[in-house]
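Heads up, the chain below is alone and in the form predicted on its own; it's given as structure tokens.
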Amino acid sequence: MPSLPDIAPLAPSDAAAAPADDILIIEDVFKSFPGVEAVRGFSARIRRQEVVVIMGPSGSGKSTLLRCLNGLEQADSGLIIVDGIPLDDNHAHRLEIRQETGMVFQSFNLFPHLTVLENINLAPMRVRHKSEQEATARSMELLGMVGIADKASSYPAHLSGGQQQRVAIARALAMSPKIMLFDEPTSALDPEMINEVLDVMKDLARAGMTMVVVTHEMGFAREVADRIILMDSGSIVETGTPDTFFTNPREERTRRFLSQIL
């Protein structure tokens, strides 16, 4: 996938005129909790089929930002538009954005009393109103894609961490989202299980899925990302292509961060 250039953020009044290939617009987003300003004036535009990796030290606001993007957290101020739909106080807008935005968390969040197939079928049947036959056909296709079709009748407790995370990815994909958000999806896995999840994510990127990924997996970022954003203290420190970010970072804060993790 070719690298895409950085784009200056839009002013709120210009948001409606965003090019058609800008699927996600984030403008001057702030989010605070008692005593903590988690996200401070974050602005970016993300194109269709672009893979953006967000890095930063613990507590830099990465996970909070992702949760704001699909409405799990409500931003205090700023503008978020997902494929032309503003994330605002309109309940219908928020529901639509959650349907169009898949999210994979650090923990797998599978329902332990449901089989793998039942976990994946649940949302398409209840939210998309798919028949059980339609949902099952799609779920089995996705389980094949992530390499665990033979686990359809298993319960989460009988799966490895890597297998559970692949089920979580398949469950998110079952809703046919336009954007996938990943919040450190390998951080809870044993080292030998990390690659099986990263391989699925690489396949998604190659297939053209728009992805925003919070991760410290440097190899994945180098290979797959179109753009890398470094956050610290809730703000963007630096953004650039993987080549520039890793080999010629502009900011001293970026150089310090890379020296600690490479």
Partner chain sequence: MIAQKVRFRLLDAIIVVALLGLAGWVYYRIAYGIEYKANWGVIPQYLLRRDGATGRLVANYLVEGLLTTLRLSVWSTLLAMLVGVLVALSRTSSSLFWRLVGGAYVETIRNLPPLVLIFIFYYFVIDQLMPLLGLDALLSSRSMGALRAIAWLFADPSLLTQLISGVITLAFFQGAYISEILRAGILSIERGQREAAWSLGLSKLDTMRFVIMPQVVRRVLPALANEFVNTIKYSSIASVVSIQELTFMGRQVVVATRAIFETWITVSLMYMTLTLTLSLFTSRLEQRLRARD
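Positions refer to the first chain, counted from 1. Being a predicted model, the structure only gives us computed values, none of them experimental.
If you look for the form predicted in complex with the partner chain, you will not find it shown, but the lines that follow are about it.
*Asks:* Would you check whether the partner chain, in the predicted bound form, lies within 4.5 angstroms of a non-hydrogen atom from each of Asp199, Thr239 and Arg255?
*Replies:* No: no residue has a heavy atom within 4.5 Å of the partner.
*Asks:* Just one of Leu189, Ala149, Leu122, Leu159 has a heavy atom within 4.5 angstroms of the partner chain in the predicted bound form, so which one?
*Replies:* That would be Leu122.
*Asks:* Between the options Lys178, Lys130, Arg98, Arg138, which residue brings a heavy atom to within 4.5 Å of the partner chain in the predicted bound form?
*Replies:* Looking at the other structure, the residue within range turns out to be Arg98.
*Asks:* Is Asn90 near the partner chain? Define near as a heavy atom within 4.5 Å, in the predicted bound form.
*Replies:* Asn90 lies outside the contact set for the partner chain.
*Asks:* In the predicted bound form, does Ser63 come within 4.5 Å of the partner chain, counting heavy atoms only?
*Replies:* Heavy-atom contact with the partner chain at 4.5 Å: absent for Ser63.
*Asks:* Any of the heavy atoms of Asn70 lying within 4.5 Å of the partner chain in the predicted bound form?
*Replies:* Output for Asn70 is yes: heavy atoms within 4.5 Å of the partner chain.
*Asks:* Quick one: does Leu117 come within 4.5 Å of the partner chain in the predicted bound form, counting heavy atoms only?
*Replies:* Result no; Leu117 lies far from the partner chain in the predicted bound form.
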